[in-house]
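In the form predicted on its own, a lone chain appears below as C-alpha coordinates.
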(Lines give C-alpha, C1' and ligand atoms only; values in the text may rest on other atoms or scores of the structure.)
Protein backbone atom coordinates (compact mmCIF):
# COMPACT_ATOMS: atom_id res chain seq x y z
CA UNK A 1 0.00 0.00 0.00
CA UNK A 2 1.33 3.42 -0.97
CA UNK A 3 0.91 6.23 1.56
CA UNK A 4 0.38 9.91 0.78
CA UNK A 5 -0.18 13.04 2.81
CA UNK A 6 -3.65 13.96 1.60
CA UNK A 7 -4.53 17.54 0.67
CA UNK A 8 -8.15 17.44 -0.55
CA UNK A 9 -8.51 21.19 -0.95
CA UNK A 10 -11.50 23.30 0.08
CA UNK A 11 -14.11 22.45 -2.52
CA UNK A 12 -14.13 18.67 -2.01
CA UNK A 13 -14.89 19.24 1.67
CA UNK A 14 -17.59 21.80 0.94
CA UNK A 15 -19.41 22.24 -2.35
CA UNK A 16 -18.35 18.89 -3.89
CA UNK A 17 -18.40 16.33 -1.06
CA UNK A 18 -19.11 13.60 -3.60
CA UNK A 19 -15.54 14.05 -4.85
CA UNK A 20 -14.10 13.54 -1.38
CA UNK A 21 -16.20 10.44 -0.68
CA UNK A 22 -15.58 8.81 -4.06
CA UNK A 23 -11.85 9.49 -3.73
CA UNK A 24 -11.67 7.63 -0.41
CA UNK A 25 -13.56 4.66 -1.86
CA UNK A 26 -11.49 4.44 -5.05
CA UNK A 27 -8.13 4.97 -3.36
CA UNK A 28 -8.86 2.18 -0.90
CA UNK A 29 -9.49 -0.16 -3.86
CA UNK A 30 -6.19 0.94 -5.43
CA UNK A 31 -4.15 0.41 -2.28
CA UNK A 32 -3.56 4.14 -1.76
CA UNK A 33 -3.58 5.14 1.90
CA UNK A 34 -4.51 8.78 2.38
CA UNK A 35 -3.12 10.27 5.60
CA UNK A 36 -5.33 13.18 6.69
CA UNK A 37 -4.31 14.11 10.21
CA UNK A 38 -0.99 15.96 9.63
CA UNK A 39 -2.68 18.42 7.25
CA UNK A 40 -5.86 19.08 9.22
CA UNK A 41 -4.69 22.64 9.91
CA UNK A 42 -3.49 23.37 6.38
CA UNK A 43 -4.90 26.44 4.65
CA UNK A 44 -6.38 27.05 1.21
CA UNK A 45 -3.80 27.40 -1.57
CA UNK A 46 -5.24 30.78 -2.47
CA UNK A 47 -6.70 29.41 -5.71
CA UNK A 48 -4.57 31.84 -7.72
CA UNK A 49 -6.80 34.76 -6.71
CA UNK A 50 -4.85 35.50 -3.52
CA UNK A 51 -1.55 35.34 -5.42
CA UNK A 52 -2.76 38.03 -7.79
CA UNK A 53 -3.29 40.38 -4.86
CA UNK A 54 -0.44 39.30 -2.57
CA UNK A 55 1.91 36.69 -4.05
CA UNK A 56 4.12 36.45 -0.98
CA UNK A 57 1.18 35.76 1.31
CA UNK A 58 -0.08 33.06 -1.03
CA UNK A 59 3.37 31.48 -1.26
CA UNK A 60 3.75 31.62 2.52
CA UNK A 61 0.50 29.72 3.02
CA UNK A 62 1.61 27.05 0.55
CA UNK A 63 5.09 26.87 2.08
CA UNK A 64 3.40 26.31 5.43
CA UNK A 65 1.50 23.35 3.98
CA UNK A 66 4.68 21.98 2.40
CA UNK A 67 6.50 22.27 5.73
CA UNK A 68 3.70 20.29 7.38
CA UNK A 69 4.03 17.63 4.67
CA UNK A 70 7.81 17.45 5.12
CA UNK A 71 7.28 16.53 8.75
CA UNK A 72 5.37 13.43 7.65
CA UNK A 73 8.06 12.26 5.26
CA UNK A 74 5.29 11.36 2.80
CA UNK A 75 4.62 12.48 -0.77
CA UNK A 76 1.79 14.98 -1.23
CA UNK A 77 -1.41 14.05 -3.09
CA UNK A 78 -4.21 16.40 -4.08
CA UNK A 79 -7.48 15.84 -5.95
CA UNK A 80 -7.90 19.40 -7.16
CA UNK A 81 -6.35 20.64 -10.40
CA UNK A 82 -6.49 24.22 -9.16
CA UNK A 83 -4.65 23.28 -5.97
CA UNK A 84 -2.14 21.36 -8.08
CA UNK A 85 -1.41 24.32 -10.30
CA UNK A 86 -1.24 26.94 -7.56
CA UNK A 87 0.95 24.77 -5.32
CA UNK A 88 3.26 23.89 -8.21
CA UNK A 89 3.75 27.55 -9.11
CA UNK A 90 4.39 28.54 -5.48
CA UNK A 91 6.81 25.64 -5.09
CA UNK A 92 8.67 26.67 -8.23
CA UNK A 93 9.21 30.18 -6.88
CA UNK A 94 10.26 28.92 -3.46
CA UNK A 95 12.78 26.44 -4.83
CA UNK A 96 14.17 28.85 -7.41
CA UNK A 97 15.10 31.61 -4.96
CA UNK A 98 16.85 30.63 -1.71
CA UNK A 99 16.64 34.15 -0.32
CA UNK A 100 12.90 34.20 -0.93
CA UNK A 101 12.50 30.81 0.76
CA UNK A 102 14.60 31.96 3.72
CA UNK A 103 12.43 35.05 4.07
CA UNK A 104 9.26 32.99 4.12
CA UNK A 105 10.76 30.46 6.53
CA UNK A 106 11.35 33.28 8.99
CA UNK A 107 7.60 33.88 8.98
CA UNK A 108 6.93 30.15 9.44
CA UNK A 109 9.26 29.99 12.43
CA UNK A 110 6.46 31.30 14.68
CA UNK A 111 4.83 27.87 14.28
CA UNK A 112 8.13 25.99 14.47
CA UNK A 113 7.81 25.17 10.79
CA UNK A 114 10.47 25.25 8.10
CA UNK A 115 10.31 24.22 4.45
CA UNK A 116 13.43 22.84 2.80
CA UNK A 117 12.01 22.47 -0.71
CA UNK A 118 11.63 18.70 -0.90
CA UNK A 119 7.88 18.43 -1.48
CA UNK A 120 6.44 17.63 -4.93
CA UNK A 121 2.66 18.15 -4.99
CA UNK A 122 1.00 15.60 -7.25
CA UNK A 123 -2.56 15.24 -8.47
CA UNK A 124 -4.28 11.87 -8.18
CA UNK A 125 -4.44 11.76 -11.99
CA UNK A 126 -0.64 11.80 -12.14
CA UNK A 127 -0.27 9.37 -9.24
CA UNK A 128 -2.22 6.81 -11.25
CA UNK A 129 0.44 6.89 -13.96
CA UNK A 130 3.64 7.57 -12.04
CA UNK A 131 3.13 5.78 -8.73
CA UNK A 132 0.44 3.14 -9.25
CA UNK A 133 0.68 2.31 -12.95
CA UNK A 134 -2.15 2.25 -15.46
CA UNK A 135 -1.89 -1.52 -15.90
CA UNK A 136 -2.57 -2.02 -12.20
CA UNK A 137 -5.42 0.48 -12.28
CA UNK A 138 -6.97 -1.42 -15.19
CA UNK A 139 -6.59 -4.68 -13.29
CA UNK A 140 -8.98 -3.29 -10.68
CA UNK A 141 -11.71 -2.60 -13.24
CA UNK A 142 -14.55 -5.10 -13.14
CA UNK A 143 -17.04 -3.31 -15.36
CA UNK A 144 -16.36 -2.25 -18.94
CA UNK A 145 -17.71 1.18 -19.85
CA UNK A 146 -17.81 0.22 -23.51
CA UNK A 147 -20.67 1.98 -25.25
CA UNK A 148 -20.23 5.22 -23.35
CA UNK A 149 -18.64 8.28 -24.90
CA UNK A 150 -16.78 10.56 -22.49
CA UNK A 151 -15.10 13.91 -23.11
CA UNK A 152 -12.09 15.00 -21.02
CA UNK A 153 -11.95 18.44 -19.43
CA UNK A 154 -8.63 19.41 -17.85
CA UNK A 155 -9.29 23.08 -17.19
CA UNK A 156 -6.43 25.54 -16.71
CA UNK A 157 -4.20 24.74 -13.77
CA UNK A 158 -3.16 21.17 -14.51
CA UNK A 159 -1.87 21.91 -18.01
CA UNK A 160 -0.17 25.30 -17.73
CA UNK A 161 2.46 26.62 -17.30
CA UNK A 162 3.95 23.44 -18.75
CA UNK A 163 7.49 23.95 -17.43
CA UNK A 164 6.35 24.42 -13.83
CA UNK A 165 4.16 21.32 -14.11
CA UNK A 166 7.01 19.29 -15.63
CA UNK A 167 4.90 18.17 -18.59
CA UNK A 168 7.96 17.66 -20.79
CA UNK A 169 9.69 15.52 -18.16
CA UNK A 170 6.49 13.52 -17.58
CA UNK A 171 4.85 13.32 -21.02
CA UNK A 172 1.93 11.14 -19.84
CA UNK A 173 0.64 14.15 -17.93
CA UNK A 174 -0.30 15.82 -21.22
CA UNK A 175 -2.90 13.24 -22.18
CA UNK A 176 -3.37 11.33 -18.92
CA UNK A 177 -7.12 11.95 -18.71
CA UNK A 178 -7.67 10.66 -22.24
CA UNK A 179 -5.70 7.51 -21.42
CA UNK A 180 -7.75 6.86 -18.28
CA UNK A 181 -11.03 7.30 -20.16
CA UNK A 182 -9.91 4.83 -22.84
CA UNK A 183 -8.68 2.38 -20.19
CA UNK A 184 -12.24 2.07 -18.89
CA UNK A 185 -13.42 0.86 -22.30
CA UNK A 186 -15.32 4.06 -23.02
CA UNK A 187 -14.91 5.92 -26.30
CA UNK A 188 -12.93 9.14 -26.09
CA UNK A 189 -14.63 12.30 -27.38
CA UNK A 190 -11.99 14.90 -28.15
CA UNK A 191 -12.99 18.54 -28.43
CA UNK A 192 -11.09 21.87 -28.66
CA UNK A 193 -12.10 23.27 -25.27
CA UNK A 194 -10.70 20.46 -23.10
CA UNK A 195 -7.73 22.55 -21.90
CA UNK A 196 -9.53 25.91 -21.83
CA UNK A 197 -10.80 27.76 -18.78
CA UNK A 198 -14.20 26.61 -17.51
CA UNK A 199 -15.16 30.19 -16.64
CA UNK A 200 -15.12 29.81 -12.87
CA UNK A 201 -12.37 32.43 -12.23
CA UNK A 202 -14.54 35.19 -13.69
CA UNK A 203 -17.86 33.98 -12.28
CA UNK A 204 -18.18 36.67 -9.62
CA UNK A 205 -17.18 39.56 -11.87
CA UNK A 206 -18.84 38.53 -15.14
CA UNK A 207 -21.39 35.79 -14.62
CA UNK A 208 -22.77 36.12 -18.15
CA UNK A 209 -19.46 35.43 -19.86
CA UNK A 210 -18.66 32.66 -17.38
CA UNK A 211 -21.99 31.02 -18.17
CA UNK A 212 -21.35 31.42 -21.90
CA UNK A 213 -18.09 29.51 -21.46
CA UNK A 214 -19.97 26.71 -19.72
CA UNK A 215 -22.38 26.53 -22.63
CA UNK A 216 -19.61 26.60 -25.22
CA UNK A 217 -17.67 23.71 -23.64
CA UNK A 218 -20.59 21.45 -22.79
CA UNK A 219 -22.39 21.93 -26.10
CA UNK A 220 -19.16 21.41 -28.04
CA UNK A 221 -18.62 18.08 -26.30
CA UNK A 222 -22.25 17.02 -26.59
CA UNK A 223 -22.42 17.81 -30.31
CA UNK A 224 -19.49 15.48 -30.80
CA UNK A 225 -21.49 12.72 -29.16
CA UNK A 226 -20.36 12.83 -25.54
CA UNK A 227 -22.59 11.15 -22.95
CA UNK A 228 -20.73 12.91 -20.15
CA UNK A 229 -17.65 14.99 -19.40
CA UNK A 230 -14.90 13.95 -16.98
CA UNK A 231 -12.79 16.45 -15.04
CA UNK A 232 -10.03 16.24 -12.42
CA UNK A 233 -10.92 19.71 -11.09
CA UNK A 234 -13.74 20.33 -8.58
CA UNK A 235 -13.86 24.05 -9.47
CA UNK A 236 -14.44 23.12 -13.11
CA UNK A 237 -17.11 20.70 -11.93
CA UNK A 238 -18.82 23.43 -9.91
CA UNK A 239 -19.10 25.65 -12.95
CA UNK A 240 -19.79 23.09 -15.67
CA UNK A 241 -22.35 21.23 -13.57
CA UNK A 242 -23.80 23.97 -11.40
CA UNK A 243 -24.16 26.64 -14.09
CA UNK A 244 -25.16 24.36 -16.93
CA UNK A 245 -28.89 25.00 -16.39
CA UNK A 246 -28.19 28.74 -16.68
CA UNK A 247 -26.11 28.09 -19.80
CA UNK A 248 -29.03 26.17 -21.31
CA UNK A 249 -31.33 29.13 -20.70
CA UNK A 250 -28.80 31.55 -22.13
CA UNK A 251 -28.29 29.45 -25.25
CA UNK A 252 -32.00 28.52 -25.47
CA UNK A 253 -30.90 24.96 -26.00
CA UNK A 254 -31.00 21.86 -23.82
CA UNK A 255 -27.59 20.57 -22.81
CA UNK A 256 -28.04 17.98 -20.02
CA UNK A 257 -24.44 16.78 -20.11
CA UNK A 258 -23.42 15.12 -16.81
CA UNK A 259 -20.04 16.18 -15.40
CA UNK A 260 -18.18 13.35 -13.68
CA UNK A 261 -15.33 13.67 -11.21
CA UNK A 262 -12.28 11.56 -12.09
CA UNK A 263 -12.73 9.20 -9.08
CA UNK A 264 -16.36 8.66 -10.05
CA UNK A 265 -15.27 7.46 -13.49
CA UNK A 266 -12.75 5.11 -11.90
CA UNK A 267 -15.32 3.89 -9.42
CA UNK A 268 -17.86 3.06 -12.12
CA UNK A 269 -15.23 0.99 -13.94
CA UNK A 270 -14.41 -0.74 -10.64
CA UNK A 271 -18.01 -1.83 -10.31
CA UNK A 272 -18.71 0.42 -7.33
CA UNK A 273 -22.37 1.30 -6.90
CA UNK A 274 -23.31 4.77 -8.22
CA UNK A 275 -24.93 5.62 -4.86
CA UNK A 276 -21.62 4.98 -3.11
CA UNK A 277 -19.95 7.35 -5.57
CA UNK A 278 -22.64 9.97 -4.77
CA UNK A 279 -23.64 10.36 -8.41
CA UNK A 280 -27.03 11.50 -7.16
CA UNK A 281 -25.54 14.74 -5.79
CA UNK A 282 -24.96 16.40 -9.17
CA UNK A 283 -27.00 19.30 -10.52
CA UNK A 284 -27.15 17.78 -14.01
CA UNK A 285 -28.76 14.39 -13.62
CA UNK A 286 -26.64 11.25 -14.06
CA UNK A 287 -29.72 8.99 -14.18
CA UNK A 288 -29.24 8.11 -17.85
CA UNK A 289 -25.70 6.87 -17.19
CA UNK A 290 -26.84 4.92 -14.13
CA UNK A 291 -29.79 3.34 -15.96
CA UNK A 292 -27.53 2.33 -18.86
CA UNK A 293 -25.13 0.68 -16.41
CA UNK A 294 -27.97 -1.25 -14.80
CA UNK A 295 -28.77 -3.03 -18.08
CA UNK A 296 -25.15 -3.50 -19.16
CA UNK A 297 -24.02 -7.12 -18.66
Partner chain sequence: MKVEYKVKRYNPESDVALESFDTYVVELDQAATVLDGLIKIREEVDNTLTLRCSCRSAICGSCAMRINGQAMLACNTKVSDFEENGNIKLLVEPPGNMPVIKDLVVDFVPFWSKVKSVDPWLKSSHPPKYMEEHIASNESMLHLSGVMGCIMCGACVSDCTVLEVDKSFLGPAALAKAYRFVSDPRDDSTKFRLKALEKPSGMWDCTRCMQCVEVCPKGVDPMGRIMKLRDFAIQDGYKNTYGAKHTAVFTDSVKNTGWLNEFQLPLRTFGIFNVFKLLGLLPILLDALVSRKVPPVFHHKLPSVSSIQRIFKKVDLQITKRE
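Just so it is clear, the model here is predicted, and its values are computed rather than measured. Numbering follows the first chain given and starts at 1.
Missing here is the form predicted together with the partner chain; even so, the following discussion is about that form.
The partner chain in the predicted bound form comes within 4.5 Å of no heavy atom belonging to residue 75. By the criterion of a heavy atom within 4.5 Å, residue 156 is counted among the residues contacting the partner chain in the predicted bound form.
At the 4.5 Å threshold, heavy atoms of residue 52 reach the partner chain in the predicted bound form.
The closest non-hydrogen atom of residue 184 lies beyond 4.5 Å of the partner chain in the predicted bound form. Stretch-level contact check against the partner chain in the predicted bound form with heavy atoms at 4.5 Å: of 26-34, 225-233, 265-273, 39-47, the positive one is 39-47. Using a 4.5 Å cut-off to the partner chain in the predicted bound form, each of 13, 161 and 283 places a heavy atom inside that distance. Along 242-277, a non-hydrogen atom within 4.5 Å of the partner chain in the predicted bound form is carried by 242, 243, 245, in order along the sequence.
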